[in-house]
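In the form predicted alone, a lone chain appears below as structure tokens.
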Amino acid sequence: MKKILLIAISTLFLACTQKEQRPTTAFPLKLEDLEANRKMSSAMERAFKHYEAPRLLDNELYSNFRYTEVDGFDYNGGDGTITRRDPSKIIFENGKYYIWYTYRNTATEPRGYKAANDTIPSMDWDLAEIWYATSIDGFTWEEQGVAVPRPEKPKPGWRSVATADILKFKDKYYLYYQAFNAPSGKYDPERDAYDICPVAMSKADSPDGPWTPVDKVVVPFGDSTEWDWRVIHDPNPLVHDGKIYLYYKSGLDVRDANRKFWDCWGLVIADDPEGPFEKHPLSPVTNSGHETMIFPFREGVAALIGTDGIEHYTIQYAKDWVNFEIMSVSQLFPTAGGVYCPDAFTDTKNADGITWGLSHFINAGNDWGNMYSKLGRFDCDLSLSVNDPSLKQSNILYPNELYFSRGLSEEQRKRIDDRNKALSNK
């Protein structure tokens, strides 16, 4: 009885305490009249304590995105035989911008794993090389040719080299990329997964090459019981505290015929670009993101987390380079974007951020039978030194046709019609 009475008194005291904490006046119209310790709802408390600013206009880590067609790339009439995708970060050297990307020029369009051979690609990134281009203004590009060709079999990447990213460290240059030793889409029974490709690397004294392959796996797979046992994709190197911080994508589930997988991003750290890389014990450091753009911002690092995952289409920030928090939600993200980030390798404690980059557009011809990808430019305001209110707008209206193009399938319409008939027959 005493125990029951004690619980009742405690409950009453807690209720009274909570009641006393409730504001006695309405939320003020002017924020300058807001009391410092005012009790607020969870949503309003997040607006003031979690995000940088309660208004998107004042949030340095919010932006919408504008897109521009770029000149200088030929796609063979869009017949699916030439593709350019997965651009790297952009660097400025020798008075011009440099970018590297996955380049495929094959006899046919991709035809799937079963039809693939030495000349027919299975996927858009199969039988590919890493090429590069330069530009004076970031809008018109001049293709320079191959940077990293496919090596001879059985060296890593003999089937395809793709998804490169660039690092400049102590006046030398390093390209990290995925090295495929089998047609993409081939099932690997040992790892119970698809698209098994380790991270390889080539190095050079100049961004124009020549590039010398290291011919080894740079970022090792995890053990068979660990989260990154199956795949390690999309290497993204940065410089922090004098070390190489390399972020990469892996998945927590089987990537099977139903595309059943969970993309997350991990972090490895090394003193030297060639490694050895040590995996951070808190990896994975994001819980989402198929194609993520990561760049230094202030003293930390920001991430544009695009498609896939419970936190897709968010812009996140990790002050300590490890623990990411959502700073904003946006839309129409660049796909697999490569950003121009002047502070990517400067190791500054007050990085400015980004304002533009290139991304790829898959199925550029709107014909899955002749699938290919093309490069385009995006602009944004995720920079401390730029203030562009038009890029902070959130009430962007898209054409009606865009919405109606996302119509229901015949199967969905039938399901709805069947329900309506069942209701009318009751």
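Just so you know, these numbers come straight off a predicted model, no measurement behind them. So that there is no doubt, residue numbering starts at 1 and follows the sequence shown.
If you look for the form predicted together with another copy of the chain, you will not find it shown, but the lines that follow are about it.
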- Item | S224, S206, T119, N76 - the one with a heavy atom within 4.5 Å of another copy of the chain in the model of the complex | S224
- Message: Would you classify E35 as touching another copy of the chain in the model of the complex, given a 4.5 Å non-hydrogen atom cut-off?
- Response: no
- Query: Looking at the partner-bound form in the model of the complex, is P189 within 4.5 Å of another copy of the chain by any heavy atom?
  - Reply: no
- Task: Please check if F324 has a heavy atom lying within 4.5 Å of any heavy atom of another copy of the chain in the model of the complex.
- Result: yes
- Answer yes if any heavy atom of Q331 is within 4.5 Å of a heavy atom of another copy of the chain in the model of the complex; otherwise answer no. yes
- Message: Please identify, from 178 to 186, 244 to 252, 121 to 129, 144 to 152, the stretch that has a heavy atom within 4.5 Å of another copy of the chain in the model of the complex.
- Response: 244 to 252
- Message: Using a 4.5 Å cut-off on any heavy atom, which residues of 227 to 244 would contact another copy of the chain in the model of the complex?
- Response: W227, W229, R230
